[in-house]
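Here's a solo chain for you in structure tokens, the form predicted alone.
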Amino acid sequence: MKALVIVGHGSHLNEDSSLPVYEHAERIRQTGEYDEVVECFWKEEPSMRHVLDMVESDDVYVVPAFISEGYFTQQVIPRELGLAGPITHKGDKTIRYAGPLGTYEGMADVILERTDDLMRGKETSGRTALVLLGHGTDLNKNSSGVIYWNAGRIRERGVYDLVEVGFLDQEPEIGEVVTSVEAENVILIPVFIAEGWHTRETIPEDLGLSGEVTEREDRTIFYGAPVGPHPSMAALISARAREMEEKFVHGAR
């Protein structure tokens, strides 16, 4: 039997924090690719500490529903699940631990799908800039690195005149980027896992946004939903797990 375990951060304060994990798990469950699909969280129940006891399958794939490598993916999750590395043997179980979603090659496609959803039916003229919004932190370069990496992959496709990045907690700050970018149309896409305080309150208030479309004298700002809840993320989670299977199971044959 084969199981997929999706690990989310969760929140005691924001019920929407865990919603994308549950929705993606249900989408994957309906494909029948896995005998079991189980959700667990750091800040909610079911707890990641006990999740492996809930799984009957002996072939287990763990995918962290996080954007970047960092404290949670490198320390918290391995510690709570008792993982020794990419492959851990626990009794009859073989557990394969995949990387976060933002570092997977398919993330750029999900970002562009989210952008297409936002811009469908909207008319623009002049230069258009896509700005990827990240949380960022000066304590961990990986937090911003994944945003730059995805921006670079999208830039290579030549879909938009400009592809820039902006952050909440490090430079370049979101407001500065939106003000200085040389484009008449500025598309903002939060590269966050879930809707929350930042995407609903902090970013719109700091930028003076009035909804999906905000008109200013010299530019129009289009503000999209975060990428994490997008339905295509379910396929990304499955692909992340499949990557581990191909590498450590089929690749070993």
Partner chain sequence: MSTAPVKRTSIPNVAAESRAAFAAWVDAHPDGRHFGQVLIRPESSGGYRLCHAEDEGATGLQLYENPRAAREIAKLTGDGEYRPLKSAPNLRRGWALLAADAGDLVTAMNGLYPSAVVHWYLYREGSLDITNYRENAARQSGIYKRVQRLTDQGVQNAAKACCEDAVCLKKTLWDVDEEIPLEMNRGEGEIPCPEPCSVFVSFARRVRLFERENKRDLDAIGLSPSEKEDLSALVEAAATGEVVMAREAEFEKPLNERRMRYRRLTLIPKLRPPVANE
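What you see is a predicted model, and the numbers here were worked out from it, not measured in a lab. Numbering follows the first chain given and starts at 1.
FYI, the form predicted together with the partner chain isn't displayed, but the following is about it.
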| request: Report the residue, out of 206, 56, 184, 212, that has at least one non-hydrogen atom within 4.5 angstroms of the partner chain in the predicted bound form. | output: 56
| said: Please identify the residue among 106, 172, 82, 152 with any heavy atom within 4.5 Å of the partner chain in the predicted bound form. | reply: 82
| task | Would you confirm whether the three residues 124, 127 and 224 all fall within 4.5 Å of the partner chain in the predicted bound form, going by non-hydrogen atoms? | result | no
| said: I'd like to check something about residue 99: if you look in the predicted bound form, is any of its heavy atoms closer than or equal to 4.5 Å to a heavy atom of the partner chain? | reply: no
| said: Is it the case that residue 218, even though its partner is missing from this view, gets within 4.5 Å of the partner chain in the predicted bound form, heavy atoms only? | reply: no
| message | Against the partner chain in the predicted bound form, would residue 200 count as a contact residue? Criterion: heavy atoms within 4.5 Å. | response | no
| message | When the contact criterion is heavy atoms within 4.5 Å, does residue 156 count as touching the partner chain in the predicted bound form? | response | no
| Just one stretch in 175-183, 128-136, 88-96, 113-121 has heavy atoms within 4.5 Å of the partner chain in the predicted bound form, so which one is it? | 88-96
| Which residues, if any, of 30-54 lie within 4.5 Å of the partner chain in the predicted bound form when only heavy atoms count? | 42, 43, 44, 45, 46, 49, 50, 53, 54
